[in-house]
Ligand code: PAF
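Just the one chain here, the form predicted on its own, laid out as structure tokens.
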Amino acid sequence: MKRVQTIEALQSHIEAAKTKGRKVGFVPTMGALHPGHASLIERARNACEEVVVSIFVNPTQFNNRKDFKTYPSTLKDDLDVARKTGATTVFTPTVDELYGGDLKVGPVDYGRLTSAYEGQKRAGHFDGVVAVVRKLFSAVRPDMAFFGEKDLQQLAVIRQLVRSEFDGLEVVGCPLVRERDGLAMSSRNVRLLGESRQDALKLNQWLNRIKSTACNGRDVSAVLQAIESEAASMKAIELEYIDVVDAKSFEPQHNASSQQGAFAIVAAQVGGVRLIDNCCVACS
């Protein structure tokens, strides 16, 4: 496995790989790699001969500076995970290498994809996501890019970016990976201390209630209201949103039983840690 830190070195390596006919897969990450990331790398390895993993904590997508400063940094372990799961190249640029000293990013307007839910709760977040992914795609020039469905709205935003600016690039959405107790895997989970870890399981339980309602052919509006009322009475959880949406447009989809693209989504603060989760609610 090769590690590179500059765009020039990366592109020289990628050009040589493509000259040999190697398909290039790309897995962008912010480090603190866990089995969810590993599953993306393995998926890329099965589809491509050259697998580039980037490790870069992007400052422009954090609307909360404290969250940026406390984001875990585990580079040594991350490199080991990348190597073991099939990465051929790891790209670890500095902030200056990617941004050239200018951290100003332009606004992005993809309608509800960038204005609702995560876009509403995290002002400027998707501006930073689009800016850094655009820079990474331009640097790596991949044939395929692999993203986890845990960040479902981010995946929809990136698909729109690719449709608009990166013709020929295939975006592959990969299934969300859970801990044994059902908690969606996240680099933030290590910050769930004491009872907060148990409290966090409520998010997945709520999603399963919504899925059960949808699979029984019922409108989910009533169960969404019940969950919001339940959350309002809980001191341990601060619910930000919970809804059922179309995964492509992020339009609400409350009569979801027959809609294959319908997903329940949730975001909440649990013990001071912001968590998101989702699940497909459509039933065959």
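The numbering used is simple: start at 1 and walk along the sequence shown. The structure displayed is predicted, hence computed values, not measured ones.
Keep in mind that the form predicted together with pantoate (PAF) is not shown, yet the notes after this line are about it.
Asker: Does any heavy atom of Gln154 come within 4.5 Å of a heavy atom of pantoate (PAF) in the model of the complex?
Answerer: Output for Gln154 is yes: heavy atoms within 4.5 Å of pantoate (PAF).
Asker: Check whether Pro28 has any heavy atom within 4.5 Å of a heavy atom of pantoate (PAF) in the model of the complex, and answer yes or no.
Answerer: Within the cut-off, so yes.
Asker: Do Phe147 and pantoate (PAF) come within 4.5 Å of each other in the model of the complex, heavy atoms counted?
Answerer: Flag for Phe147 set to yes.
Asker: Is it the case that Gln61, even though its partner is missing from this view, gets within 4.5 Å of pantoate (PAF) in the model of the complex, heavy atoms only?
Answerer: Taking the distances in the model of the complex, the answer for Gln61 is yes, it comes within 4.5 Å of pantoate (PAF).
Asker: Which listed residue (Val132, Val81, Val105, Val108) meets the criterion of a heavy atom within 4.5 Å of pantoate (PAF) in the model of the complex?
Answerer: The residue in contact is Val132.
Asker: Any idea which of 225-233, 212-220, 242-250, 29-37 reaches within 4.5 Å of pantoate (PAF) in the model of the complex, heavy atoms considered?
Answerer: Flagged stretch: 29-37.
Asker: What residues of 76-103, in sequence order, lie within 4.5 Å of pantoate (PAF) in the model of the complex by heavy atom?
Answerer: Stretch hits: zero.
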